[in-house]
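Take a look at this single chain in structure tokens; it is the form predicted alone.
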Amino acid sequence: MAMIELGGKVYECAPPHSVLEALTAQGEAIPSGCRAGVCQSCLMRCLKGTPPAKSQEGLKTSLVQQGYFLACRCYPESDLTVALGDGPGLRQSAIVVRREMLNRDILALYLRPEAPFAYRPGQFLRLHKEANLSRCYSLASVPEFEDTLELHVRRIPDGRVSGWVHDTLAVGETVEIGDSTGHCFYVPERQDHPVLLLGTGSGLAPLYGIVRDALAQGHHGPVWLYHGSYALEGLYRQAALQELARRYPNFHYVPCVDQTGAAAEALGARTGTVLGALVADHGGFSKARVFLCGNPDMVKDARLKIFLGGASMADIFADPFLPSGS
């Protein structure tokens, strides 16, 4: 059993519990999201002791050197003195410059950081509502094209952050954002190989950034983007994606809906799931790089099916976010 000291109080952390589980079970309010080491909402700093190496995997070298670790992946082997991970350089201010409803449930929020903000299209950041209340949102923007950060925020029933963004947060207000992170972005290599992107709902956000980045960097292999929704009204950015397909002959936009009708046919939407459409269009995935975003069940099923179809796990990119009452 390890002892964890936070804010002058000492807490027990016994196997098989992580630091995050132990602290929250004993009444501490620790920011968290996916609890799988992806969103990095539970970032903490070790002031005394040594956090396990596994708890620092995926963090920037500069953060590791300062003692930062992920509480959800920290199973301590010795006593630790820790602090919440809101140190210098992890947050900065940004101004809300624009709001745009993309469909009935998804709002595009445009932020202008007050200091330089480095990111890759498809990564995500944390948007803070309060000191211990934040959510992660993927970046739909491309820094070479836009000077603002574009987030797609889906309204969650009774969501404390998404409800605030939709109903309260106004143009001109200042918010706090966390650093960019995530592995779901395009790298300019094997530019003649296929790139396949699958998303549902607001999972289009990172894919919209990735596909524009890939095409701008000269990817000349086939690029396929599948975006799915239960109904036609759930799709968005159709005109922009269709225009992109006209400009780049190697880019193919495939909207997918579960419902049929004249409107869907007019758009050229496929009936069925994005995964079903992908499998129907491609015989195998041995040379493809694949990006998956959206519903966690879809991401899980797609990852397995695409792997069994010949893709290397190293070529399947996904930053799935589990529901967290956002």
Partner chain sequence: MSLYEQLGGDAAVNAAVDIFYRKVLQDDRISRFFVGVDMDKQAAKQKAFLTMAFGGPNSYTGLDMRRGHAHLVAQGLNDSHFDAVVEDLAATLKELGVSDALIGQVAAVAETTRNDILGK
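Just so it is clear, the model here is predicted, and its values are computed rather than measured. Numbering follows the first chain given and starts at 1. Think of the rigid core as the biggest set of C-alphas that the two forms share within 1.5 Å after superposition.
Omitted from view is the form predicted together with the partner chain, to which the following refers.
Asker: Out of Arg120, His166, Arg73, Arg237, which one falls within 4.5 Å of the partner chain in the model of the complex, going by heavy atoms?
Answerer: Contact residue from the list: Arg73.
Asker: Answer with one of Leu267, Leu47, Val279, Ala36: the residue that has a non-hydrogen atom within 4.5 Å of the partner chain in the model of the complex.
Answerer: Exactly one listed residue reaches within 4.5 Å, namely Ala36.
Asker: Heavy atom to heavy atom, is Lys60 within 4.5 Å of the partner chain in the model of the complex?
Answerer: Looking in the model of the complex, residue contacts with the partner chain do not include Lys60, since no heavy atom lies within 4.5 Å.
Asker: According to a 4.5 angstroms non-hydrogen atom cut-off, is Leu304 in contact with the partner chain in the model of the complex?
Answerer: Although the partner chain is absent here, Leu304 would touch it in the model of the complex, with heavy atoms inside 4.5 Å.
Asker: With the partner left out here, which residues of 302-316 have a non-hydrogen atom within 4.5 Å of the partner chain in the model of the complex?
Answerer: Heavy-atom contacts within 4.5 Å come from Arg303, Leu304, Phe307, Leu308, Gly310, Ala311, Ser312, Met313.
Asker: When you overlay the rigid core, is the Cα of Pro15 off by 2 Å or more between this form and the one not shown?
Answerer: Yes, its C-alpha moves 2 Å or more.
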